[in-house]
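Take a look at this single chain, the form predicted alone, given in structure tokens.
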Amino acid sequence: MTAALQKAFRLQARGCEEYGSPFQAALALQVAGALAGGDTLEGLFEPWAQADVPALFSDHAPLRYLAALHELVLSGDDPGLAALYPQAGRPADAVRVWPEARRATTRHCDRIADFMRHELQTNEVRRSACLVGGFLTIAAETGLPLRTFEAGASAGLNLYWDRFRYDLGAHRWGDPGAQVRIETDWRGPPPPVDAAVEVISRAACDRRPTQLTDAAQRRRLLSYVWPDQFERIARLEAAIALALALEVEVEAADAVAWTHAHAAPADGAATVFYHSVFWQYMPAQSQAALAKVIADHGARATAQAPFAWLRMEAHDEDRSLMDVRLTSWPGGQERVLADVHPHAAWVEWRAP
């Protein structure tokens, strides 16, 4: 396992570097070096003892450990480690951080092990930058208010996407005074930013929702944002504050059963079922079952009760990229609206 784990951390370092976190990349390389030198890291990776590199990476084993260290920093329970971590206006040296991080691993071994047993849970708010283009397209084409249903919603931070302010390159949409601002490198033509949008109902589900009223769960969500990406952290904190103010609720439910029960089309509104970076975590059997539920809802759609499936998921050929697809009923027409950076740092809009 040690050789596979080393390689997984080196691959993680490459991904962090590509996605704009030099500190996290350098720290991952420090961990890989320690493993190469025979460090067992207190046996924290024993649950993955039989895993190969793809399994380690797909189960996010390296990210779980790095996030556990970040969670310690955010909690303030290890001042020595926190003093060395990146802060706004003060870069950090991973070579200097690693010895203290290694000591913190020993000091907080049980806590880190418990953190790592919990599956990865994120809620990237900037993904609304590409989803909003889909919502605007649906509103413009149907002329109807929207009913929205999100699966795999985590903490539900993207549930109130229409309460955000969007800076889409040269284009703007949303309340100028919104506390959550979404900026992205928008390429291509704008979405229909003049469309009238009214959301008359919204709901969300997740197999294991993050409870934002729990400080430990809020920290867990923040810990998976890389520590030197201060803009992402600030945006997530603003979205958490908004969700708490709005008392956002995410139902703990299986996506297949929940979608079947709640997301059928209804007269007088466009019903939108949507998700982002969710599909890849479902077993193939569940994917097939959910696709059938969606198709069944689509078959019931009419011009007065249209149904849309909006999603941001991994590109079919390049898993490091995402695309935004929209399937609309009646008719079942599928379109690729945009190509997207995984964190929505840029959006290449393809729809006319």
Ligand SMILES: C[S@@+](CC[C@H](N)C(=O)[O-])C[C@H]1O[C@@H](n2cnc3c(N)ncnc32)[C@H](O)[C@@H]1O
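All residue numbers refer to positions in the sequence shown, first residue = 1. All of these numbers come straight from a predicted model, not from anything done at the bench.
Not pictured, yet referred to below: the form predicted together with the named molecule.
- Using a 4.5 angstroms threshold between heavy atoms, G152 counts as touching the named molecule in the predicted bound form.
- At a distance threshold of 4.5 angstroms between non-hydrogen atoms, L168 is out of contact with the named molecule in the predicted bound form.
- Using a 4.5 Å cutoff between non-hydrogen atoms, R187 does not count as a contact of the named molecule in the predicted bound form.
- Proximity of D254 to the named molecule in the predicted bound form: non-hydrogen atoms within 4.5 Å are present.
- Annotated contacts: Y19, S223 and D228 are all free of the named molecule in the predicted bound form [non-hydrogen atom within 4.5 angstroms].
- Exactly one of the stretches 172-180, 109-117, 189-197, 274-282 approaches the named molecule in the predicted bound form with heavy atoms within 4.5 Å, and it is 274-282.
- Contacts between stretch 207-223 and the named molecule, counted in the predicted bound form as any heavy atom lying within 4.5 Å, involve R207, R208, listed in sequence order.
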